[in-house]
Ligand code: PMP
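Below you'll find only one chain, the form predicted on its own, shown as structure tokens.
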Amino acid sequence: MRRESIIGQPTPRSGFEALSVYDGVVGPCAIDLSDNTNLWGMPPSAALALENFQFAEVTRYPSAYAAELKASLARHVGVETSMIVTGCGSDDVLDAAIRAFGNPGGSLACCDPTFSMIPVLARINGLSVSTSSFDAEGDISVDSLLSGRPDVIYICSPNNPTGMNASVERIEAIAIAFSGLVIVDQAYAEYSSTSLLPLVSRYANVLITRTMSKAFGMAGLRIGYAIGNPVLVGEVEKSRGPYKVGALSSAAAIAALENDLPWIEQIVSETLSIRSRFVSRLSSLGYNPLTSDANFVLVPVANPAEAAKRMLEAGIGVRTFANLAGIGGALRITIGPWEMMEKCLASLEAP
């Protein structure tokens, strides 16, 4: 059969030739420890809300800006509703924030390594990316992030994939010295020992992003949000656009926020206990995992692809990193119930 020629093939915008689709999905496996989600399942009240959802509502648009969910999130974090913006996962909120405050042709500054989608989101929105190394203690470099006069500075704390926190003092130093947007990504806030929420009431240029995909166990429902000064949030909401959180997702999230916080706190506590136990076992095997304040650990290894292949053959999926700046090859391993971690350790022990 003769193939017809394609007429009028459009040319992507400048910079897209360097981008590729997301490639972080691990193949089929019995135990997936690759994506840092809650491996204990979703909150019970959220599950019940899904079962009882009136599907007649699916024929109607959800709340344009998730008003009821915003109010519930505001009560949860202890701020005014005007300080909350929601989105389809926290990456949607990050995308909207970068677009709102990043001028095309400008730049975004971030550390390396960090959340892999940030350089992609910056370039999609017409920004170049400048990267900064962490210091010897794993903290951010204030001077390096400020150099180059970026439009947006992105800080992930606890950082993905290293698991380390940025110090409050250094984040504050950046907020004071910088006139642009400071994004503090706290996707793992529930696991962290460092509170950063007070920053949004002190600094009008700080936006803290969070998600219900991790500790809240609802990654499949795609619920993200951010907290910031009302004026800042208003600009992000313009960029975000309407109808980004579906009615089903909103109902489950509200149910969890209103009824399941003790359940989530219990799961977080168990996660941290198992993380400590897992790190101790890794150390006894000769590994040197990085200090983590999240629900995962990063484990430097000489040949991550080979190690991950061996683990996948044993039914264990982990995230591989071939050559992280200042670290080299590594495996990122999500913390789950102890029986999962025992099987993970056994796969690491295998020859």
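The first residue of the sequence shown is number 1, and the count goes up from there. Owing to the predicted nature of the structure, the values given are computational and were not obtained by experimental measurement.
Omitted here: the form predicted in complex with the named molecule. The next part is about that form.
Requested in this report: Answer yes or no: in the model of the complex, does the named molecule come within 4.5 Å of a heavy atom in every one of C156, A187 and T211?
Outcome: Heavy-atom distance to the named molecule in the model of the complex: all three under 4.5 Å.
Query raised in the report: Thinking of the named molecule in the model of the complex, which stretch from 248-256, 70-78, 187-195, 263-271 has heavy atoms inside 4.5 Å of it?
Result: Stretch 187-195 is the one.
**Report entry** G89 within 4.5 Å of the named molecule in the model of the complex, heavy atoms
**Finding:** Judged by the heavy-atom cut-off of 4.5 Å, G89 is in contact with the named molecule in the model of the complex.
Query - Close approach of N160 to the named molecule in the model of the complex, 4.5 Å, heavy atom - result: Close contact exists here: in the model of the complex, N160 approaches the named molecule to within 4.5 Å, heavy atoms only.
Query - Non-hydrogen atom contact R123 with the named molecule in the model of the complex at 4.5 angstroms - result: It does not: once the named molecule is placed as it appears in the model of the complex, R123 has no heavy atom within 4.5 Å of it.
Report task. Answer for F278 alone: is it within 4.5 Å of the named molecule in the model of the complex, judged on heavy atom distances? Result -> F278: no, not in contact with the named molecule in the model of the complex.
Query raised in the report: Looking at F115, F134, F101, F178, which is the one with a non-hydrogen atom within 4.5 Å of the named molecule in the model of the complex?
Result: Looking at F115, F134, F101, F178 one by one, just F115 meets the 4.5 Å heavy-atom criterion.
**Report entry** Candidate from L207, I84, L94, A109 lying within 4.5 Å of the named molecule in the model of the complex - any heavy atom
**Finding:** Selected option: L94.
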